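Coming up is one lone chain in structure tokens, specifically the form predicted alone.
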């Protein structure tokens, strides 16, 4: 059966750990895997712009011995000239993996429904699984394990990164505080809250939506934030959003409320003095560039897992 990675919870906890461990191994011994996907092709469909995603996937596929094709669908969206089911079926005849970075979750779901090869979600409005698996690899490297952690997220919680963080924290039995404004447009969708709650029943996790930033930071092992101006948000909303989110900015006070050995994470791109101050992102507790690097390694492991090449 063809496996896909549409959201992080498409993998079990055990599979997530397996992929993370393989990524750490690949990172240490890249030459060992230099021909693992020899002769294979990855098709990358981009509707949303990208820097790290495109570079890391293209580089990763090349380092595995394969070939990556970049195709922009910005000016010819999926499902317009040719419906998505036909696109998925035709592309499956040509390539071994399809990856897509799009605005709408339904487009990823349809690609996965009709493709006969693995589909990887490089990002949509519902999930960002490659980022989050790379984040958990980074946490394991820094903390030496993935047991009994507390992660606190600050800022705009109505986004893909927050959603997959909620899912994976629930899967691993962690505590997670999502600190965000009360308004629904800045909070997680109910469907995500329900999914995290259902997973938590089996794992004992605690995933909470809170509105007090300092309280959320207490006893936290990981302090995490994301852009206040994600792709697709109109520029004219910038000042209003800055006012709304400023009380959730990650500052020295937030870091001091967390555990002394807490780490700071941001999936990038980052704006200093917006979602975090410069002293935090450029300070000794920041591991944002380790996060960025691990996108390369984790995506290599994901592709090998989905191609059954472990």
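Since we're looking at a predicted model, the values are computed, not measured. Residue numbers count along the first chain shown, from 1.
This next part talks about the form predicted in complex with a small molecule, which is not shown.
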### Query
Which one, 280-288, 267-275, 34-42, 244-252, holds residues whose non-hydrogen atoms are within 4.5 Å of the small molecule in the model of the complex?
267-275
### Task
Work out which of 121, 137, 152, 131 lies within 4.5 Å of the small molecule in the model of the complex, going by heavy atoms.
131
### Message
With the partner left out here, check for me: in the model of the complex, does some heavy atom of residue 53 sit within 4.5 Å of the small molecule?
### Response
yes
### Task
Please check if residue 300 has a heavy atom lying within 4.5 Å of any heavy atom of the small molecule in the model of the complex.
no
### Message
Residue-level contact is defined here as any heavy atom of the residue lying within 4.5 Å of the small molecule in the model of the complex; does residue 49 satisfy this criterion?
### Response
yes
